[in-house]
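Shown next as structure tokens: one chain only, the form predicted on its own.
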């Protein structure tokens, strides 16, 4: 009901709206990805690398002081403890193994906050493949540590200089590159966006998160299902992974937290579900922030990873169907939640994850309710922003 159908749609969202030059690449992926992912040799190699290279399973941590503060039982799924510091490595590792089996020699990627770029550069170094990462000029300035990491790992970082010079524009540049280099290049898309089969493929690679949550909760609580699963959403890969194995269990409430920026009605926001309507971006039909004549509205968030005018089609379907609740959090609320997490738990979260943390303040949960929050990344990359606002 909530998974992709054979035509690449989640309900009325999804599909593959692509230029003719990309059809062979996307069709090759569509025809091969499930067979490769289900191959026993692939699964063994992927699982071994997740364990021995990434460091999975990531811990499910009972945050006792946050729990006492908010008067509910809060578990943090510690994706921030993965190698490279975020959930992004799960997907890049899977896609690099798939790309090698397809005989690709060159890898391209887009990145916003830089975590996907770092994860892509990491797996390219691991597998000995050329790596080109497109990143908006604005994001290059505000995520300098991750740019340095990518370069140290051997990647070429190319700035996107058009538009808002953020994630949307980096994605545009990566697609242009793929059109110009269709034979030997694989595009590792970093979220559940893009033409089919990317949203489904990325969600499957990230579904390790919810698979682990089920097993870990059984150990911690004697049950596999929480009352709530909470995750931030830009494109939405960490949320897709955290929700995946709970989608068909209606007893689990799914909450996706978007970036309200400076406020929903300020013109400086990335709250797609409030401000958007159906449209096509980067190869799929989804919910999209746009003007009355269909021009994409420039998004804004203090968090580079949430600074995107759309969401993945799976999330558009979860929103329209009512299966998941979509809420939004402002810059100031996210910053305050990040500082509280630092103070109470000794964990510096990524600004993206801080948006999910901020929603805890607004939840109407009971003291006995079990809330699993996907802490999608660590805050090293955001230290300059935190220092600037530490007296908020």
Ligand SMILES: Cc1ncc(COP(=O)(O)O)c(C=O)c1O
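None of these values were measured; they are calculated from a predicted model. Positions refer to the first chain, counted from 1.
The same protein has a further form, the form predicted in complex with the named molecule, not shown here; the description that follows concerns it.
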## Note on the structure
Students should find that, of 171, 286, 237, 301, the residue having a non-hydrogen atom no more than 4.5 angstroms from the named molecule in the model of the complex is 237
### Message
For a quick test of understanding: in the model of the complex, does each of 113, 191 and 232 have a heavy atom within 4.5 Å of the named molecule?
### Response
yes
## Note on the structure
Only one of 181-189, 113-121, 293-301, 266-274 has residues with a heavy atom within 4.5 Å of the named molecule in the model of the complex, and that stretch is 113-121
### Message
Given that the named molecule is not shown alongside this chain, does residue 86 nevertheless sit within 4.5 Å of it in the model of the complex, heavy atom to heavy atom?
### Response
yes
### Task
Consider residue 306 of the chain shown here, and say whether it contacts the named molecule in the model of the complex, taking contact as heavy atoms within 4.5 Å.
yes
### Message
Would you classify residue 356 as touching the named molecule in the model of the complex, given a 4.5 Å non-hydrogen atom cut-off?
### Response
no
### Query
Is residue 350 one of the residues lying within 4.5 Å of the named molecule in the model of the complex, judged by heavy atom distances?
yes
### Sequence-ordered list of residues in 352-386 near the named molecule in the model of the complex, where near means a heavy atom within 4.5 Å
352, 353, 376, 377, 381
